[in-house]
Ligand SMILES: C[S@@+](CC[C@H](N)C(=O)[O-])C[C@H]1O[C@@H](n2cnc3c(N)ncnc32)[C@H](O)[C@@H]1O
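A single chain comes next, written as C-alpha cells; it is the form predicted alone.
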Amino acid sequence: MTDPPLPTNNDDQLKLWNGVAGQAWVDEQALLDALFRPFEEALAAAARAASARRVLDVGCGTGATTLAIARAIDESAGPGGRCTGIDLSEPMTALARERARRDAVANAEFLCADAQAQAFEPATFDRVVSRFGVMFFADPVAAFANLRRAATDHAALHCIVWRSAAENPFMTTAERAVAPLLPSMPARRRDGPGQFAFAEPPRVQHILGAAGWHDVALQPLDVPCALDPAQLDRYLSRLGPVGVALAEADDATRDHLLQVLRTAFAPFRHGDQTRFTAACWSVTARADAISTAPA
C-alpha cells in the first residue's frame, strides 16, 4: 500500500498547532525554553555579531528566540532594529505577545500567519532565522522562496534543525515504545514535513538553492540536554506525537502508557536526571540577487 500524496498547503500543521500540540507548547513554555536555550543563545549571538537590524524568526512558537534576538539587536544595532516572529499557532503567538509586553521588549513583534504563504513586504529583512521551525512546510521550496522575497539582497539565513532520527534516539523512543499500544498513532513519513525533514544535507541544499539562497552550509551542532523526573513526565505526556495521542486517552490508559514510557527511557537516566544529546544542523545561507529568486 502506497502513502497518499503529500499536501502542498499547511492546513494539517495549522490544525495541529492551533489544537492540542499548540496548547501543550504554551503550557510547557518554561520547560521547553530551558531545554532549548543553547540554540536560542546561538542564534541571538550570531545576529548580534552580524549587527542585524531587521530579523524574521520563522516558526517562533512562544517567542523565546524572537525576544532574545530583539534584545541582541537593541544592544548591537541600537534604535530602529526589530525582530519579527511568525508562527501559524494562535495560542503560541498570543503568549509570545504577552511575554514581549510583560518583559518590555518593545522591538519584538509577532505575526500569526503561515510563513509559506504570507505576503511579506518585499526586501524587508536582513536576516532570517529559525529554531526548529522550518521543517514543517508542506512545500519547502515555495516557503523558502517566499522568505527570500521577504529578505534583502545578500541577507543571511540561519536555521537550526534536527539531524536524523538515528542520531536522535531520545526523540523517537516514546513512539517506538507505545506504537504497539497506540495503533492509531500516525507513523512519521520520511518524505513529509516533520521533525527530521531537514536531516539530509543534499535535500536541504536542493531546497534552499531552488528557492534562491546560495552559499548553503550545514555544520553539526551537538548540545547536551537534561530533564529532571517531573519534567520528563510532562515532556512525555504532553509533547510530540505521543503527547497528542495521550491527550485523547482515558486516565487508566494514560497511567499505563506513562509507566511504559518511563521504563523505555531508563537508558537515558543518569542519577536523578534524564540526559540526551540534541544532534542538530546549524544551516546558513545567503540570499541571491532578487532577480534570480523563483517567482
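Residue numbers here begin at 1 and follow the sequence given. Remember, it's a predicted structure, so these values are computed and weren't measured experimentally.
Although not depicted, the form predicted together with the named molecule is the subject of the following passage.
> Give me the residue from Ala150, Ala115, Ile73, Leu208 that has a heavy atom within 4.5 Å of the named molecule in the predicted bound form.
That would be Ala115.
> Suppose contact means a heavy atom within 4.5 Å; in the predicted bound form, does that hold for all of Thr124, Phe144 and Gly212 with the named molecule?
Not a single residue of the candidate spot has a heavy atom within 4.5 Å of the named molecule in the predicted bound form.
> Looking at 106 to 114, 196 to 204, 221 to 229, 165 to 173, which one sits within 4.5 Å of the named molecule in the predicted bound form if you count heavy atoms only?
Flagged stretch: 106 to 114.
> Flag Met92 as yes or no: does it have a non-hydrogen atom within 4.5 angstroms of any non-hydrogen atom of the named molecule in the predicted bound form?
Contact check for Met92: yes, within 4.5 Å of the named molecule in the predicted bound form.
> Verify the contact flag for Cys159: yes if a non-hydrogen atom of it lies within 4.5 Å of a non-hydrogen atom of the named molecule in the predicted bound form, no if not.
Close contact is absent here: in the predicted bound form, Cys159 is far from the named molecule, nothing within 4.5 Å, heavy atoms only.
> If you check in the predicted bound form, is Cys60 within 4.5 Å of the named molecule, heavy atoms only?
Looking in the predicted bound form, residue contacts with the named molecule include Cys60, since a heavy atom lies within 4.5 Å.
> Indicate whether Trp25 is a 4.5 Å heavy atom neighbour of the named molecule in the predicted bound form.
Looking in the predicted bound form, residue contacts with the named molecule include Trp25, since a heavy atom lies within 4.5 Å.
> Even though the chain is shown alone, can you say which residues of 128 to 167 have a heavy atom within 4.5 Å of the named molecule in the predicted bound form?
Those in contact are Arg131, Phe132, Gly133, Phe136, Phe137.
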